[in-house]
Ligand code: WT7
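Next up is one chain by itself, shown in structure tokens, the form predicted on its own.
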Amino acid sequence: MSSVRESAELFAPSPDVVAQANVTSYEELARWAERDLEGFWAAQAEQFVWLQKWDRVLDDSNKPFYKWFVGGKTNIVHNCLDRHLTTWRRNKLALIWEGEDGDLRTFSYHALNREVCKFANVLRSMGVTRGDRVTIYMGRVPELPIAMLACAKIGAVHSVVYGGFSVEALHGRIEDSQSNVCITCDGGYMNGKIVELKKIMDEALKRSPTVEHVIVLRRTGQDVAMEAGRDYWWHDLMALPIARSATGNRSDTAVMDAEDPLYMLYTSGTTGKPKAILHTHGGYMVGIGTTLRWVFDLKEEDRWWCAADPGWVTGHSYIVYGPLLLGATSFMYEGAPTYPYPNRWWSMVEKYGINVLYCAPTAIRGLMRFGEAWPNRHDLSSLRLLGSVGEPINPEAWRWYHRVIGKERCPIMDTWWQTETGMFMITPLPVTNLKPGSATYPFPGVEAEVYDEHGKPVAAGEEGYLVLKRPWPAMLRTIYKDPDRYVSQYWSRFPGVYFTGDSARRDSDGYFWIIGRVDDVIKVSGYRLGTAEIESALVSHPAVAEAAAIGLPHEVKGNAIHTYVILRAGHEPSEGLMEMLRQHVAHELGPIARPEKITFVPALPKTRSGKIMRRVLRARALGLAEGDLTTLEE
């Protein structure tokens, strides 16, 4: 069965899009990478500045601990900032930022570099050196990427924790990373309310003896406790002579080995403590720079908006590092997409002339609930490409996004990747024919396959386990302090290949359809049904805005399908509507998929990156422990 209702529709890119694309042929690139993987990635690496060229592109002598560009010397910040300062990009806008309260700030490459250099010197003055870990817990403000870049500049390893995570989540990450410096804000704005970031940090630090210094950015102006000798205001430190002495010369940027760690980012499992995924300077730089250039076709004149948060891997790769590597102009917004009204995003697209928008399906479905009138109030003609990230996008949301936001002229780059992969892995290019709901093909150089339980490729149209058969430059190198878990988690299910933890299928045209996490599959009377396809069938009904499906034990069927539904504006819960939706799913997917029960709800448990936490619904329905809730949105 498909992950979503497979469509016979094929959306071809316009001749205009094809003519202007940075990539002219997917097939040629894929054949090149298939024929000479190392030569392919070496050619992409040549687009960046290396302070010493690598001796070897790929070292696979100690699988699965792969190394890329071995012997190469660089620093991702040298490529993000330093090299642009000797070109006309010095005065180009690097970052445009709008606060939820309407504040506006802009940074040229020169100005951004100045702030990064000053803050790097602040960190040095606090004793932060190469390899030290720094925890960053901030709102979506420009100082967050400035702090990340400053850490990378001096060779420190940043650990960004999403602003708003709980005390326990923050404490656990500080403790595991053994950070001695933390960076936070007095508070942050979200949905018109203040998130008390400093207060949460203070609670977390009561049991974190390694932390010596806390740097606090004043964002909201509210009163916060400041512990003498430990806590310092960002603006006070940045006014000190040691900060102002930065010259921005190459000597200020540490020369790093390609395999030196750049950052660690925690990703939670269903149980147990979160895993600290480790990425490095060299291969990560090559992977994210290449994928952003080819998939989103960025041009010098573009304004790029990745609407994620820098606290997620999407923000690391495609808000902070990727756009700066390409010398792009990036837009960043602090707050919620519907504050104070559901047209906030569309008003900013119009105001700033955004050309490329990249966001999550959950945001698209959430905005769909408010109808077409809100986006139709605005001139969205500056948009030329759209993107989707975070989970499979159901065809109904895809079509709405394409028709209402893209005005049927903007191709949608539906990207599949993970915190662990660092870069897009299965994704269209602008020249690719699109099928709503499919992530299309592996990126050139990536070899994906769908396996059965015995590690054999399944036939076209059959569902199985998604695996990656070749290493790629931006891949995780290990789990911090836990290499055994790295091997068992990702490389043991099918020896010699990377197990993604996702289920998928590939159709007769070779298009990949991501179903979701392996755990998000319901077996009913011997049939395997993906939660995403059931949810997609529900959302295709005009009354439904969002849906979640889980399987609960059933004496006869093994499992029965239970669903949770958020209705669109103008529709009210009723027994009649419930039965209508049950019949609708049966019509779309077959009688076996008819939900046993539909519950109407005002909201669904989600991570802060927008993914529905189905295991929480299942645990609550069964009265079981809910496991790790550190990523749960309040």
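Just count from 1 along the sequence shown to find any residue number. So that the term is clear: the rigid core is the largest set of C-alpha atoms that superpose within 1.5 Å between two forms. Since we're looking at a predicted model, the values are computed, not measured.
FYI, the form predicted together with the named molecule isn't displayed, but the following is about it.
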query: Contact check for Asp414, Thr419 and Ile514 against the named molecule in the model of the complex, heavy atom at 4.5 Å; finding: yes
query: Partner-facing stretch of 281 to 289, 452 to 460, 309 to 317, 112 to 120, counted where any non-hydrogen atom is within 4.5 angstroms of the named molecule in the model of the complex; finding: 309 to 317
query: Heavy atom within 4.5 Å of the named molecule in the model of the complex - residue from Val389, Leu262, Val356, Ala150; finding: Val389
query: Interface residue in the model of the complex among Glu143, Asp502, Glu334, Asp176, criterion: non-hydrogen atom within 4.5 angstroms of the named molecule; finding: Asp502
query: Rigid core superposition, Ile592 Cα moves 2 angstroms or more between this form and the one not shown; finding: yes
query: Pairwise C-alpha change, Gly501 versus Ile592, in the model of the complex against this form - closer or farther, 3 angstroms or more; finding: closer
